[in-house]
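A single chain comes next, written as structure tokens; it is the form predicted alone.
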Amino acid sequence: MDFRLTEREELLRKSTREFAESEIAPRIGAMEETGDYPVDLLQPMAKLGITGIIAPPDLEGVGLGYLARTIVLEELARVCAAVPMGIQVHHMAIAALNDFGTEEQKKKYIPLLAKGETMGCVAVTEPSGGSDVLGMQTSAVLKGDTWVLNGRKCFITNSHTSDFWVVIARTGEGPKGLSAFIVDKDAPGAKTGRVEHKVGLRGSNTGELVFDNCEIPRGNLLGQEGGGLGVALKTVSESGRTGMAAVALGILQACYEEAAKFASERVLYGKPIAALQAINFYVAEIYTDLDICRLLCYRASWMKDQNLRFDTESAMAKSYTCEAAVRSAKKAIEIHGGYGILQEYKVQRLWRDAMVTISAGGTGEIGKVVVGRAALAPFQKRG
């Protein structure tokens, strides 16, 4: 079992880290203030292969796969988690189109995403909830050669920064009563609603999509009619969970660096506070969580690249890493003492960002349901 990354993957990490530190770090203050996503960075990220990292090479992508994607998202999140939050959902849209789209749909939409000409957007969650996919109310009715959509989506990442959206809507009853659609933002009856102002991930655009007798061509059906549940579950499970886990992993890396640095430099009682056992234990716990989570995240991504089933592993990586990021950020704040709650210190932002990852991309509780089912399966009585 070889845990070493390839030379190409290490180079990708290095180039992404340099880009994040030079181009994204100076923008954090503005993102925190306005909540706006720095869309002008899409083109530079495209040149590095970030936007099209999982897109096929014949569709303007680089096709490096999911482990490479995790490394990129981790490095971006180490500097500013809001940017990779938008990118990981962008990747979800690429995955949905690549997995379920027709050749015509792939050629029309994936190159736009891979080249960073717009952002990807996947709209599942509604005001009634996100975990209860079958309870969604947004409807789509076929009238002649036109689908007519009515409803509202909320908490949608990249809602206002994307030129088209992958939307799940109800076309019938039960599990086979959902379908997926590609909706261009300038389609008649389609519009964006309110922009949400979150406590964390401030630069990641989150908002509403509204459909009022929205008309889209019959050919904008993504996959089979009645196959929307499969589109949603596969995209969230394989791309969404691994993406959110990678973002949380980057936050964890930053927590470790900030905590260890401050503990080594802050002097009390004539010596660095790292010499105090309580502080030393906190840093050790953060460091251990970081190592555990990196192994979980890399394994899930590697399994995806090997075409292995990994729904349990992706759920485990997502739920554990996001929670670990929250508790590690809290410990980092406590290590900083009074400085930890000041805005000029990074650790308070890391905690706010980590908190948002808990529910994003599927709640931690849903992830634990998936893991619990796998854990109990060997001991369940066969009917």
Ligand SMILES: Cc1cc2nc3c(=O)[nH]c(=O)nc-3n(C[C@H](O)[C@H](O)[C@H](O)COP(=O)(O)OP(=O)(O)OC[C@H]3O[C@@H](n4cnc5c(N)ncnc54)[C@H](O)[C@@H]3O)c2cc1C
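Heads up: residue numbers just count along the shown sequence, starting at 1. Every value quoted in this text rests on a predicted model; they were computed, and no experiment measured them.
Another form exists, predicted together with the named molecule; not displayed. Remarks below refer to it.
- Every residue of the trio Thr157, Thr206 and Thr363 has some heavy atom no more than 4.5 Å from the named molecule in the model of the complex.
- In the model of the complex, the named molecule sits within 4.5 Å of a heavy atom of Ser131.
- The named molecule is not drawn, but in the model of the complex it has no heavy atom within 4.5 Å of Arg78.
- Within this chain, Lys115 is remote from the site of the named molecule in the model of the complex, having no heavy atom within 4.5 Å.
- Within this chain, Val369 lines the site of the named molecule in the model of the complex, having a heavy atom no more than 4.5 Å away.
- Contact with the named molecule in the model of the complex, defined as any heavy atom within 4.5 Å, is confined among 58-66, 351-359, 43-51, 322-330 to 351-359.
- Among Ala180, Met85, Ala245, Ile251, the residue placing a heavy atom within 4.5 Å of the named molecule in the model of the complex is Met85.
- Note on the partner interface in the model of the complex: the residue among Thr138, Asn220, Asn98, Thr125 having a heavy atom within 4.5 angstroms of the named molecule is Thr125.
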